[in-house]
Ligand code: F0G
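In structure tokens, one chain follows: the form predicted alone.
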């Protein structure tokens, strides 16, 4: 991106050897139409919500493609969600319904497939949880060794259990996610280890299909906003790239604004945006939303390009706002992990600040399943005093006591 150097896609590069900057996959879009998006996809690959958009993806040989038939995730519409946000329509695209229960599977299918195509034997990532679970699963499917670096004691048990169960070698690092990623990048520069964090341009190619699939599901009726949580900013980068390519190919007639929502305790990109892109400073990240607990995102230049191209917003929300929004999403029967709920909380805040009109339409991305961080959910309802808290009641084991606590429900 910085110096314009070009390299073959057959090389396992995650940064420019000349300037050290981020890399982009260049995908020709001339002649691509809505009808031709699946051209080149075999019957097997058509089952994947990523590879069915073959015309917009890198030309990785079919026999190298590792897929768990990811994607094909639903968009849920519920008036209660739109009312909470304060806008006319709010659909939630639930990427937590991917094979390992997070959006990471979209990127991992392309990243690991590229690793196979270039002959890699070891794939690795630093992770706060979802990336590690996805990497472990896809590496196991590809018969590759997987190495995962995690910040010690700062990963949910649900995500860690997936990673261990799928056979990855897990190393806990004294420090935060940013330290783990920095250390891993040093390792991959010295040894033939294929890095699949979001600095990897091939991984982002898979993640951009979230936007393509959402618009396809909406019969190409483009919403005003696409909102998503912001941590390492891989999704923001990928979504922006998707919209640039779709616009260039003439597949959409307007560009939705991207809304990247950060947790207030982990919001360096939000601060950068609010400074008018004048001042960027990493922070010590702290938030209950562990999936976006990242103080020095790796994809800042790409994400900035995405926000600028779409004239988007980068709000930040408190942990309380995140957990209240999560409780709303959970209560309507959809459910999500804490980081996902930043999507709804952020749009609600923009509406309250007068940045959005009441007739706005939005698609929000839920990045992870509700069971990804069950401890946070239980703590909110058992220990908190939030407006949506649903604390269980303890009683002696008699019918009279049961009738007493259920009297409002039993007798209207």
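Owing to the predicted nature of the structure, the values given are computational and were not obtained by experimental measurement. Residue numbers count along the first chain shown, from 1.
What follows is about the form predicted in complex with the named molecule, which we do not show.
Colleague: Decide if the three candidate residues 104, 233 and 339 all line the named molecule in the predicted complex, where lining means a heavy atom within 4.5 Å.
Modeller: Yes, because 104, 233 and 339 each have a heavy atom that approaches the named molecule to within 4.5 Å in the predicted complex.
Colleague: Considering the named molecule in the predicted complex, which of 200, 210, 100, 128 comes within 4.5 Å of it through any heavy atom?
Modeller: Checked against the cut-off, the match is 128.
Colleague: Heavy atom within 4.5 Å of the named molecule in the predicted complex: which of 292, 115, 139, 85?
Modeller: Of the candidates 292, 115, 139, 85, 292 is the one lying within 4.5 Å of the named molecule in the predicted complex.
Colleague: Although the partner isn't part of this model, could you tell me whether residue 206 comes within 4.5 Å of the named molecule in the predicted complex, counting any heavy atom of the residue?
Modeller: No.
Colleague: Examine residue 229 and determine whether its closest non-hydrogen atom to the named molecule in the predicted complex is within 4.5 angstroms.
Modeller: Because a heavy atom of residue 229 falls inside 4.5 Å of the named molecule in the predicted complex, the answer is yes.
Colleague: Would residue 346 count as touching the named molecule in the predicted complex under a 4.5 Å heavy atom rule?
Modeller: Close contact is absent here: in the predicted complex, residue 346 is far from the named molecule, nothing within 4.5 Å, heavy atoms only.
Colleague: Examine residue 364 and determine whether its closest non-hydrogen atom to the named molecule in the predicted complex is within 4.5 angstroms.
Modeller: Looking in the predicted complex, residue contacts with the named molecule do not include residue 364, since no heavy atom lies within 4.5 Å.
Colleague: Among 312-320, 267-275, 73-81, 119-127, which stretch has residues with heavy atoms no more than 4.5 Å from the named molecule in the predicted complex?
Modeller: One stretch meets the cut-off, namely 119-127.
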